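Here you get one chain, nothing else, as structure tokens; it is the form predicted alone.
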């Protein structure tokens, strides 16, 4: 049974989706490990699959034996990691022929989101995201990933203004932690006005949420 590691797993919702989707669509059964630096996030996970192991550890210092995993995944989390150390740890943890998959957003993509366009200073305050150039240059330092490729994944959806406000109040992105409570409330009011002006129908808001997918076979 393939063994998969999800790094920066948070509560485990992404790895849960991977397990469910591959089982339903392709008939694949995975044994998975969810790894996150936050003990709170790991312990508060909502995944009920008894085969899912949870581990508290840093992405840059994985506590696993060399060549332990068939796949290493990271969804919307790599900007929390020190990139060079993370790639080195992932290369060590992967078996030869294994696969590294990283789903992330670049600063340029961030500016095009509904948050980057309308939420005051959202894009400017988020300085942790890696550019495509930085990802390519860093990958070039690791011959284990010599066949890596980067793919832009466009994503469009429809949201209501009420749902967007709800997401912001729920701190759907860690970027919101860079605002004081007062700054956040003022910015949220401005966001509401800007979105309402740009979209006359508050029940039909087109949201752009492009990402970059890194696909890197372990040589």
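Positions refer to the first chain, counted from 1. Because the structure is a prediction, the values reported are computed rather than measured.
Another form, the form predicted together with a small molecule, is not on view; read the next lines as being about it.
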Proximity of residue 165 to the small molecule in the predicted complex, heavy atoms at 4.5 Å: no
Non-hydrogen atom contact residue 60 with the small molecule in the predicted complex at 4.5 angstroms: yes
Heavy atom of residue 135 within 4.5 Å of the small molecule in the predicted complex: no
Proximity of residue 91 to the small molecule in the predicted complex, heavy atoms at 4.5 Å: no
Location of the small molecule contact in the predicted complex, chosen stretch of 64-72, 180-188, 147-155, 35-43 [non-hydrogen atom, 4.5 Å]: 35-43
Sole residue of 125, 117, 80, 95 within 4.5 Å of the small molecule in the predicted complex, by heavy atom: 80
